[in-house]
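One chain comes next, on its own, written out as structure tokens in the form predicted alone.
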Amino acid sequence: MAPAAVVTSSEPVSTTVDKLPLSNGHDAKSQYQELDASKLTYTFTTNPRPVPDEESACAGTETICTDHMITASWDIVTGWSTPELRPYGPLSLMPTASVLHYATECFEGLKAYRGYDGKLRLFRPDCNARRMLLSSTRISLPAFDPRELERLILALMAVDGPRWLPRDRKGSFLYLRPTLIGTQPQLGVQAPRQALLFITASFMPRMDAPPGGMRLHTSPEDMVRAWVGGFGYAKVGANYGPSLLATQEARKRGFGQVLWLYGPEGYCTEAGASNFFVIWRTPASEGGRLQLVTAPLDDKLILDGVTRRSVLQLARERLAEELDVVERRYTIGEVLKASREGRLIESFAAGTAYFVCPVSAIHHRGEDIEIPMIKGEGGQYTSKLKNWMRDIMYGNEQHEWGVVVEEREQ
């Protein structure tokens, strides 16, 4: 029997998610099968690999994954196959598979944490599962019940979590990557009629605290990360590959990531693949109120990050008397003006990989913006939000966002 999953809030990632079909257009009386985690089968490895320490696991050029993965195939006529937990290993694809030619793929990223209380947790996996449904349908891949995906993720961690995140490694984590790809072996620009879902767990370097904070270089004038009417709000591979050239150029100049601007106005959108935030004080003529500002979701330019939404919720709940939370379009010009007038207080990027990462500098068209830091750890609000999130993830604070995994006996 598959391990039971604790399902958290059904709060939607986007209002459009609730309108997406889960039946893939098939009549209920047909033989079409929906994704069903309760049918998960188990084929355990007979050759478990040694579990490396975190440092050596992240030192090479290959991502080190755990002993098992979960797979489930899909066909437009028959629907979803029985999902299987099986030994981690290569996938078999025809050279003409849709994903290899037309970028028909999407993925998610989330982490499993070994808490300081000894328990194994996921952080808001329901949000990741619902967002993957949105991404899948945006790229013309099959729909599914996101609760079933969440249960499969928990099942993989129930098996591999105890050995790969042992109780004596409190404060450690694994990175989970659910992925859905089009596998139909036929050339031609069309929606895939076959697909494959797979879920892996791996080590990932700790990336949330570069020495001195993250340094950003604004995007070149001839490049954009996403555009209105595009797919910046979906987590698809096509969002990332084209951004690498600008990132390489920024790093050659001594910067860690690109601050992506949009339009002739220079609207601030994302920092690398993370959501971007500033904390500033409004001009005295506008009340001198402290604000936490980030780009909005309504134009679909940016990803609805799980870390982003959590930061905003915590700020609204716990910092309401100190600052206003504002989601709106704002420009790099406004950031420059706030810096020149001494009103720019803090800045940070937020995402699964970089977590809550303080930003210390931004370079824009020959002008440098220096952002205050407290002992290299970011400002007081950045630190507060980061610590509150970490406490939930690692069990120092009992919170509904921390979903405990029911670990299988080894």
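These figures come from a predicted structure and were not determined experimentally. Quick note: we count residues from 1 along the sequence shown, nothing fancier.
What comes next is about the form predicted in complex with a further copy of the same chain, which does not appear here.
Contact annotation for the candidate site: Ala234, Pro283 and Arg328 all lie away from a further copy of the same chain in the predicted complex (no heavy atom within 4.5 Å). Out of the listed residues Tyr102, Trp80, Phe123, Phe255, Tyr102 is the one that sits within 4.5 Å of a further copy of the same chain in the predicted complex by at least one heavy atom. Taking Ser73, Ser172, Gln313, Gln190 one by one, only a single residue has any non-hydrogen atom within 4.5 Å of a further copy of the same chain in the predicted complex, and it is Gln190.
Residue contact with a further copy of the same chain in the predicted complex: Gly342 places no heavy atom within 4.5 Å of it.
Under a 4.5 angstroms non-hydrogen atom cutoff, a further copy of the same chain in the predicted complex lacks Ala129 among its neighbouring residues. At a distance threshold of 4.5 angstroms between non-hydrogen atoms, Asn47 is out of contact with a further copy of the same chain in the predicted complex. Contact annotation: Val335 falls outside 4.5 Å of a further copy of the same chain in the predicted complex, judged by heavy atom distances.
Listed stretches are 217 to 225, 286 to 294, 143 to 151, 302 to 310; the contact stretch with a further copy of the same chain in the predicted complex is 217 to 225, by a heavy atom cutoff of 4.5 Å.
In the predicted complex, the residues of 181 to 215 lying within 4.5 Å of a further copy of the same chain by at least one heavy atom are, in order, Ile181, Gln184, Pro185, Gln186, Leu187, Val189, Gln190, Ala191, Pro192, Arg193, Phe198, Thr200, Ser202.
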